[in-house]
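Single chain ahead, by itself, as structure tokens, in the form predicted on its own.
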């Protein structure tokens, strides 16, 4: 009965915004192929989405869209906000899939993103205070690595990074530590793929870690390979507040998957790829921003109390 109740919670936890998709190529002030996979933050009482935008050449850059309510009336930068430096080996083929956190100690935003170049995809870092000027600090770890985000604070004096390297063809979620955002070590697997489950082929971090009184809420994507192709869905886990390398709970079921036409049809069908989230404190709702079918941006909304009820009902690890 407990499993049935949890599955009912998972089934209708997230509700699609009825005006989805919220950003498409038709909204863009300059010619593009697609927009997808945005990072999200609240900056000066506005919701800022730092979107991955694919050009007509097939290379990606990052462009900001701003909204007062996080749903409507988006103001999009008239030109790319962060562009790749094609003279750099690691950025030759573009910038992809950012995540944003506010580093309280450093009083600045940290943007982790994928720089794609001759060596393959690498996790890179940029910092900003105003989302107008950016300091690129370069790649953090060797390729092939993606789906990375820092935690917003240190643990025992160490920065902490979630990321997804490919090791021996395996695609699990890892966690690593650093004293200075440059030298990384203490690497360990955080979450593994699960044979025969919805997340059996590979997994990767979704949006930035979300702090709750019970632990760090981790929203991640999982991929299952079927005879008709791959399906990208979304699941949840809970990490210890002071020891984020310790997994407390992990959901057995996916909580959000491609169902709407705009999620099933696009450049890559059957994809919901969450990369950004904000908590609307006035309504106690989580806005989960995601790439839909790799060519548009949409948002799903969930009540934070129901999210906590769900994750606390999941099996202990």
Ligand code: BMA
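Keep in mind that this is a model prediction, so the values were computed, not measured. Positions refer to the first chain, counted from 1.
Keep in mind the form predicted in complex with ligand BMA is missing from the figure; the text below concerns it.
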Next on the checklist: Is residue 51 near ligand BMA? Define near as a heavy atom within 4.5 Å, in the predicted bound form.
Outcome noted: no
Checklist entry - residue 146 near ligand BMA in the predicted bound form, any heavy atom under 4.5 Å? => result yes
Checklist entry - Do residue 268 and ligand BMA share at least one heavy atom pair within 4.5 Å in the predicted bound form? => result yes
Checklist entry - Taking 4.5 angstroms as the cut-off for heavy atoms, does residue 273 touch ligand BMA in the predicted bound form? => result yes
Checklist entry - Looking in the predicted bound form, is ligand BMA within 4.5 angstroms of a heavy atom from every one of 14, 234 and 253? => result no
Checklist entry - Of the residues 91, 199, 97, 122, which one places a heavy atom within 4.5 Å of ligand BMA in the predicted bound form? => result 97
Checklist entry - Which of the residues spanning 102-139 lie within 4.5 Å of ligand BMA in the predicted bound form, based on heavy atoms? => result none
